[in-house]
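Below you'll find only one chain, the form predicted alone, shown as structure tokens.
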């Protein structure tokens, strides 16, 4: 299913979205998320028995692995793994599954821009497909600040390279709270606030896409 959104204060659009749930048979939940030409495959395993060294007495231990399209994970992947894990932990009701382990594996299939937000969206859909208890849903929205001051929603890889700054937000479905924000480059406080407000508006379209995807997955043929 493809969705588009225009922002009133600019000619910004979300690229077409597509999502397929339950694509993999081995994980407990899986999702393939396509955002323009950027695509990520997510698989979630657990809750399962945890190793004693990783066991947490009061909640489930969440591990996030991000695998690049080619080669081995590097510093960038490790940094993004931490951002993804922090976002998932903010909504996952891990206290309901203490002393267990949950693993989220994300495989990058293609990177044509806004990769982190695509990973966030794939992770949320995989959590939904696995049926894990969540306090809220979340989505990722990326903005690029161009040298001339223009703000681009859901930028491509080329637009990110030309940008003065790239900002990615993780927005919760409850009250549009900001669960995570990361910035590459330099921007003013006013520009960040402008991007955040626009990201919260764009999140409504993404959450509607989530609902449509889940409804289509479980509707009777």
Partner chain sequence: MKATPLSNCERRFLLRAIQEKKRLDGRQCYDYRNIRVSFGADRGCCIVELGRTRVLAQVSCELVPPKPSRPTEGVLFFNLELSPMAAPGLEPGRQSELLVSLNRLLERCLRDSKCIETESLCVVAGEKVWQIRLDMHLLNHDGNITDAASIAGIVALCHFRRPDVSVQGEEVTVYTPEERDPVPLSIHHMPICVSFAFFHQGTYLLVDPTEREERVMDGLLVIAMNKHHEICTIQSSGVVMLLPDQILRCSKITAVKVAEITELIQKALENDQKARKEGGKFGFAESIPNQRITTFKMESAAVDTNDVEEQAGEIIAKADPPSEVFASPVVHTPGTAQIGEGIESSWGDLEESEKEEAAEEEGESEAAAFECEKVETEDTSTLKETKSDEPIVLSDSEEEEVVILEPQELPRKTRTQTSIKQENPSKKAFNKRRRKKRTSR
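Numbering follows the first chain given and starts at 1. What you see is a predicted model, and the numbers here were worked out from it, not measured in a lab.
This next part talks about the form predicted in complex with the partner chain, which is not shown.
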Residue 194 near the partner chain in the predicted complex, any heavy atom under 4.5 Å? yes
Distance check, residue 133 to the partner chain in the predicted complex, heavy atom within 4.5 Å: no
Using the partner position in the predicted complex, report whether residue 103 sits within 4.5 Å of the partner chain, counting heavy atoms only. yes
Looking in the predicted complex, any heavy atom of residue 147 within 4.5 Å of the partner chain? no
Using heavy atoms only and a 4.5 Å cut-off, determine which of 116, 137, 108, 92 is in contact with the partner chain in the predicted complex. 108
Output the sequence-ordered list of residues from 60-81 with at least one heavy atom within 4.5 Å of the partner chain in the predicted complex. 65, 67, 68, 69, 70, 71, 72
